[in-house]
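As a starting point, one isolated chain is supplied in C-alpha cells, in the form predicted on its own.
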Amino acid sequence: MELSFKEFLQSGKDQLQRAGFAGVEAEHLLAHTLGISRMELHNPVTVAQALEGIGDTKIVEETFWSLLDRRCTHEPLQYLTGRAYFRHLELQVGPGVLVPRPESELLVESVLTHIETLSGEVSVVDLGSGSGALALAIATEAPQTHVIAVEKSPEAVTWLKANVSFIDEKVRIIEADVATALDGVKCDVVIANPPYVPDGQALPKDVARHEPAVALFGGEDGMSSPIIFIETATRLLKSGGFLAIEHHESQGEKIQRILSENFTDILLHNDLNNRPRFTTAKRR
C-alpha cells in the first residue's frame, strides 16, 4: 500500500461520504476484505497478521476499491459483506433475500413476551420467512419453541437453509406458498412479514435496485399479500393462538378490520420511528 493503513482506510471513507454514504461503512468493507471483524480493524497486530496471511496487498486494494465502487452504486452493504445483524444473530444474506430490518426486532420482542405466558412446548410458524431472521431469533431466544419457517422463493430458501444450518438446525423449513402451506396443521403462534409495500411507492435506491420486489410489493394498496397471510394464520392458529403481522404504516385500520372477523385483543404497535408497523391479535 502506498498510503499508510489509516490513510488507506480514510480514503475509502472519503469516497463513500462524497457519494452520500456513511464513512463508517468503509470499515465494514475493509474488515470484510481482510477477513476480520470491524473491531479488529483497529488492532494493528491483527491487521498486520491479516495482511501477512493474504500476502499481496494489491489484492486487498483491488478488492476494497471494487467493494467501494459497488456500494456507491447502491448495492446494499449487507449484500457486499454477506452478513446482516438481527437481535443477537449474525445472518448470511445476499441477492434474492430481503435484508432484515431493525423494526422487525420489536415484533419478535412482542412474540417472545407472549410465549413467556405459555407453558410447555410452543409451536410457532413463520410465514414468508426469507432469511429466517424472525424464526431463528424466536427459536434461539425461546428454546421451548418448535419453529417452522415457510418460504416459497427458491432464492430466499437458499439463504434460509444456510442460516438454519449454521444457527439452529431444529427449525423446520417448508418450501411452499403461504396460501397452501401446512394443510391440517395447528399451531400456537404465527408470525408474518408479508410483502406489503403499495406498488407505486418509491423506495430507497438500495432497496429498489437490488432487493427482491416479490418480497416487497403487495399490490396496488399493498394489502393483497397481507390478506392471504391473515387467511393462512386464521387457518393455522388454535383457538387463543397469537398472531403478529408486520405491515405498512398506512394499513393499520385495514388490518384491524380484517382481523376483527376472527380475532380479539387486536393491538397496533409502533416501530422505532414511532410509526404504526405491526399488529398483534388472538384467534377466537
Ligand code: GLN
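Position 1 is the first residue in the sequence shown; the rest follow in order. None of the values given here were measured: they were computed from a predicted structure.
The form predicted together with glutamine exists for this protein as well; it is not shown, and the discussion that follows is about that form.
Here the marked residues E109, A139 and V190 all miss glutamine in the predicted complex; none has a heavy atom within 4.5 angstroms. The stretch among 98-106, 70-78, 114-122, 148-156 whose residues place heavy atoms within 4.5 Å of glutamine in the predicted complex is 98-106. For the residues A162, V207, I174, L89, the 4.5 Å heavy atom test against glutamine in the predicted complex is passed only by V207. Just one of I245, I258, L34, A215 comes within 4.5 Å of glutamine in the predicted complex, counting any heavy atom, and that one is A215. Looking at L182, you'd find every heavy atom of it more than 4.5 angstroms from glutamine in the predicted complex. Interface membership of P194, defined by any non-hydrogen atom within 4.5 Å of glutamine in the predicted complex, is confirmed.
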